[in-house]
Each structure stands twice: as C-alpha cells, then as structure tokens.
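A single chain, nothing else alongside it, follows as structure tokens in the form predicted on its own.
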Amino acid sequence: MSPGNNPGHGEHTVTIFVNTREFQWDKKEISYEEVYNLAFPNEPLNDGDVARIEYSRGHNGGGAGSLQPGGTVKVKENMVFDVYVTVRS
C-alpha cells in the first residue's frame, strides 16, 4: 500500500508536480515559499527577482490559480505547480 492510500488516521501523502518534477507532500496545504523552494532549492530570490507561481488540477473542479507571497493552497493528488522567475532590469 502506498502512503497516499493509507485509510487509517494520520498522514495523508499526495503526489504533486513542481516544474514537471514529482514530489511527495504530506501536508494538507502548501505555501508560496514551499513551492518556490521545491522548484529552486538553495536558490533564494535576489533583489529584483520575482517568482510567479501558478497551479492547476487543484480543488474546486480543476482548481487553477496563482499563489502570492505568504499565500497557501490546499493540495490534491497530481496537482501541478509552475514556477517562473523573472529578473527585473
């Protein structure tokens, strides 16, 4: 039995995709900062950099939208996140 199919109490692990890479996530929600860190581990944003995070396949019938700094979203099996970094000149 995979961790995501555990009918018992406790953790609920789902598979999410961040910039096409697969991750196992065991929290009910994920924050803007957590998605960014999965996309670009050990690469903090520099002054003038802006990260745009969009998601799809979420809750509420397709659940697409965007995450803003400090924001969170409920995760769902096979949810997709796309992270784009833009450098201001």
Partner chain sequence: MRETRIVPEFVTSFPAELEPGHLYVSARFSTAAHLCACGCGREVITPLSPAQWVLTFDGTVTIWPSIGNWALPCQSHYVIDRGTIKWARNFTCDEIQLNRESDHRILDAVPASQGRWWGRLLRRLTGH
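Predicted, not measured: the structure shown is a model, and the values here were computed from it. Positions refer to the first chain, counted from 1.
Not on display, but discussed next: the form predicted in complex with its partner chain.
Its partner chain is not shown here, and in the predicted complex it never comes within 4.5 Å of any heavy atom of Gln24. Proximity of Glu29 to its partner chain in the predicted complex falls outside the 4.5 Å heavy atom cutoff. Contact check for His59: every heavy atom lies farther than 4.5 Å from its partner chain in the predicted complex.
Put simply, Val80 is close to its partner chain in the predicted complex: some heavy atom of it is within 4.5 Å. If you take 17 to 32 and check each residue for a heavy atom within 4.5 Å of its partner chain in the predicted complex, you get Phe17, Asn19, Thr20, Arg21, in sequence order.
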